[in-house]
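Consider the single chain below, provided in structure tokens and representing the form predicted on its own.
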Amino acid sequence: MRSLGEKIFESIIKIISLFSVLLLVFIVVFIFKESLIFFNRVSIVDFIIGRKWNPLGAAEDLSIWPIILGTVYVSIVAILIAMPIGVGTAIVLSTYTSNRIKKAIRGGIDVLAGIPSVVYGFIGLLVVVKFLEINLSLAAGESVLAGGIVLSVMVLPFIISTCDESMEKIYEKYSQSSSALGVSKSYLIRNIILPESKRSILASMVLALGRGMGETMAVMMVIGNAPIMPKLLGKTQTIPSLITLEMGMAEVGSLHYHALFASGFVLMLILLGINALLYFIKSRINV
């Protein structure tokens, strides 16, 4: 029979969980409510596929297709850069590193995750943007590539932490057996650890992609913030940077104001769709 303390603790946990769910529902409903005013004037399809963003123009001039592509493009570039580095680092930490060195490196990774995004943006503006501008002879180094590089550093801790924990457990499970059979460590990594870690690698990708698509300050400082069709070495704009830059100047209750809420709602739908797709892929992976 459970004690009174256990019942109280269980009730507290349930209340906190319910509060978290209600808070999430409130946020979604609020954003949808503010977006609905705009969607009564402009259809969501026209808003998504249109290529012009002009807050001073007519309602039809408020559309975000280039901004959606910019958001996805920067995040994909970041994932392509960060995933090999992150997975490789996780392999080294879980299989080739002693406990003392492992603790020091993990501490550094935790510090990396705690650095404010504005610091990453400032370093990216002074180092990455300037490097691209000088070495690639660009008129301005602010670009999708600069945003992807900065963002890849920001999502690395999430990838490393997620993969390292899973890989370490798998290595501990099979290391003694593989040593007894005379199997090399490289063979163990290629044929057992990596295949067994597919779920955690995919989970880290989802986490990093969600983090990347929602990032604002650091990316905003290095991409140029131009609502045009994105190119790797050209300027672009993301949905979070659009909302951050223009929400303060938008008149409350105006069409521009509600269009920014609609942009946030579209971003939520994109993230929900990506997570649902990757969850479906994850469920199909045999581990």
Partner chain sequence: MNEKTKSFLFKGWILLSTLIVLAIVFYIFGYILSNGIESINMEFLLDGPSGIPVGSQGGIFPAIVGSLLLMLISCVFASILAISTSIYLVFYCESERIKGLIHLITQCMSGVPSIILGLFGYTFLVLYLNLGRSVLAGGLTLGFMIYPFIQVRVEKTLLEVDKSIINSSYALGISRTYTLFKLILPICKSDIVSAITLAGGFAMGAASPIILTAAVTFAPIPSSLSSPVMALPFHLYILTGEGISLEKAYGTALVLILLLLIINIISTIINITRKEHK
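Being a predicted model, the structure only gives us computed values, none of them experimental. Residue numbers count along the first chain shown, from 1.
One more form of this protein should be noted, the form predicted in complex with the partner chain, which is absent from this view; the next part is about it.
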Exercise for review: Please pick, from Gly234, Gly50, Pro227, Pro240, the one residue with any non-hydrogen atom lying within 4.5 angstroms of the partner chain in the predicted bound form.
Suggested key: Pro240
**Study point:** Sole residue of Leu209, Leu132, Ile170, Val153 within 4.5 Å of the partner chain in the predicted bound form, by heavy atom
**Key:** Val153
Exercise for review: Please run the contact check for Lys198 against the partner chain in the predicted bound form: heavy atoms, 4.5 angstroms, yes or no?
Suggested key: no
Practice item. Find out whether any non-hydrogen atom of Leu56 is located within 4.5 angstroms of the partner chain in the predicted bound form, and reply yes or no. Key: no
Check your understanding: With the partner left out of view, is Arg190 within 4.5 angstroms of the partner chain in the predicted bound form by any non-hydrogen atom?
Key -> yes
Check your understanding: Should Ile160 be classed as touching the partner chain in the predicted bound form when contacts are defined as heavy atoms within 4.5 Å?
Key -> yes
Review point. Exactly one stretch in 132 to 140, 170 to 178, 113 to 121, 71 to 79 has heavy atoms within 4.5 Å of the partner chain in the predicted bound form; which is it?
Key: 113 to 121
Review point. Using a 4.5 Å cut-off on heavy atoms, which residues of 121 to 152 contact the partner chain in the predicted bound form?
Key: Phe122, Ile123, Leu125, Leu126, Val127
